[in-house]
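Have a look below at one chain only, the form predicted on its own, in structure tokens format.
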């Protein structure tokens, strides 16, 4: 493809805007500024500056974020800042979206991508991608509550009951809960249904991808999509 086509594929703007970027010397091929829009290039050799950020050419963007508390998983947040504000502007320009949602009071692993097919693979109800949450409760967990979580649970306003894939109690106030659905506030509602309340909720795994211990809240890193589905 041409240098112009390579830039247009990255969502940096219209044809006119991409041409202006090239004219300013902000497009590089093999690390050297290139002023020729029709220059044939290998896309992986293209780098560019966008909003003063240095960017490399990417066929698709897949990142994992340690979502902090107090952020909405929406491009149009209502009451709190968006998780997209934590990303470089080029990612927002390319239309990166959260894969599913974590509510404002939930932190942990959040995937974001501009790959619509991947979003479908991870969020379609028939896919049943497992999600693991570390749940800290307000009251001590008892044996009756743990047993109830293993059973089907009817939630208000839901046509079908829900059920955990796995329930692993860590201590009196903490458990690892694995589900493969994404009903509204599902984990919180499940705990309420068995007679307890969630004090803290952190998603620690999605598919085969675990939240790294060395990834602080608010930070992110690129990942390969295959890491999500790896066995």
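Here the structure is a predicted model, which means the values were calculated and not measured. Positions refer to the first chain, counted from 1.
Omitted here: the form predicted in complex with a small molecule. The next part is about that form.
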item: Residue among 200, 188, 60, 163 with a heavy atom within 4.5 Å of the small molecule in the predicted complex; value: 188
item: Of 158, 115, 103, 139, the one that lies within 4.5 Å of the small molecule in the predicted complex (heavy atoms); value: 103
item: Segment that reaches the small molecule in the predicted complex - one of 164-172, 36-44, 22-30, 179-187, heavy atoms within 4.5 Å; value: 179-187
item: Proximity of residue 91 to the small molecule in the predicted complex, heavy atoms at 4.5 Å; value: no
